[in-house]
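Quick setup: one chain, the form predicted alone, written in structure tokens, and binding and motion questions come after.
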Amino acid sequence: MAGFKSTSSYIASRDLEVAVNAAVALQRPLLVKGEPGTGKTVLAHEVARSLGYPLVEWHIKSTTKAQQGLYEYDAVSRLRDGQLGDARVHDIGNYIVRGKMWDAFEADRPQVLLIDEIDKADIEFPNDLLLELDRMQFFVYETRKTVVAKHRPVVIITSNNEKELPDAFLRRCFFHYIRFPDRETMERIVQSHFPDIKQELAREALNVFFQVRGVAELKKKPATSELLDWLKLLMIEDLPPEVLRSQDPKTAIPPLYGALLKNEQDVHLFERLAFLSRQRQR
């Protein structure tokens, strides 16, 4: 089986390539952390494409329970069908709703299972999946059957570091932190997404982008996804590079800043910096 490698559409660091392939070799979940917008979720799509596996996506919310990834028993539907005299009620299996992990376990070929943003759930969520991720099986109490994975899926778990994960869970994972791309890597990412972009525009936009990220007081620094959205808008508006060349976060807010700045505090910060700079120049 070929290992995961950086592609023309997804620029991965050598460390990330090693982490993915190590997790696959060790048959351990890969826990990926990093700033929002640095490509953690997209990584699962690229790993699935690289390995030739289907992708099963389980996106976690604050209300998500671990049990939902295994299965749920729909007692309400069974009660309703019983009241209507439906013969289906005699087989409780008709009311077992399979979760994403069950889908991945029972697939006829290996899958990539994405557990996305696990830190959104409550603190017990990761621990509630320890046994299932270790043994690749779980017990369905209603039918008294054990579901065992036909093929061990490649499990990729993402976290935005909103809360600490339990030590017992961390011990079972192979960990990788996606560092924010340096200038050279970011240039490759931009080129992969916008091969027809004018080089001067890309250069000036990256200058402004990294200047914005360099403002220490920012509450939410723009990440890769914000840069790509901003570049797309710049290309649609066909703004000349000269407009960006004169942009300095200390003297002006970047054009189409809504793609880069995501809250009013940061917008007000740039407005204040621009005002103070103009006052000093008088």
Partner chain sequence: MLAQFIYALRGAGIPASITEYLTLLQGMKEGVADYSVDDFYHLSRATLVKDERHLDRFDRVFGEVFKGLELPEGGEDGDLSRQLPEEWLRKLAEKLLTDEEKAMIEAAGGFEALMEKLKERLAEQKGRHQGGSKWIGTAGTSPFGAHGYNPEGVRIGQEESRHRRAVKVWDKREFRDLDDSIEIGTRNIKLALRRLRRFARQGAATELDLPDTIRSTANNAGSLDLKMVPERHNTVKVLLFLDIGGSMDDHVRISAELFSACRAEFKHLEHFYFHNCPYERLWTDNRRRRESEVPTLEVLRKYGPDFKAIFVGDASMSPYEVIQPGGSVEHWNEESGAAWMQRITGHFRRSAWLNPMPQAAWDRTHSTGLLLQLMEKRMFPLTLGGIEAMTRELSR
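Positions refer to the first chain, counted from 1. Note that the structure is predicted; figures quoted are calculated from it, not measured.
If you look for the form predicted together with its partner chain, you will not find it shown, but the lines that follow are about it.
Mind telling me which stretch in 85 to 93, 109 to 117, 174 to 182, 144 to 152 gets its heavy atoms within 4.5 Å of its partner chain in the model of the complex?
-> That would be 174 to 182.
Thinking of Val18, Ala25 and Asp122 as one candidate spot, does its partner chain come within 4.5 Å of a heavy atom in every one of them in the model of the complex?
-> All of them do, each having a heavy atom within 4.5 Å of the partner.
Lys163 near its partner chain in the model of the complex, any heavy atom under 4.5 Å?
-> Output for Lys163 is yes: heavy atoms within 4.5 Å of its partner chain.
Is there a heavy atom of His268 no more than 4.5 Å from a heavy atom of its partner chain in the model of the complex?
-> Outside the cut-off, so no.
Looking in the model of the complex, any heavy atom of Leu170 within 4.5 Å of its partner chain?
-> The answer is yes: Leu170 has a heavy atom within 4.5 Å of its partner chain.
Would you check, heavy atoms only and a 4.5 Å threshold, whether Leu131 touches its partner chain in the model of the complex?
-> Heavy-atom contact with its partner chain at 4.5 Å: absent for Leu131.
Of Lys232, Lys33, His45, Arg213, which one comes within 4.5 Å of its partner chain in the model of the complex, counting heavy atoms only?
-> Contact with its partner chain in the model of the complex is made by Lys33 alone.
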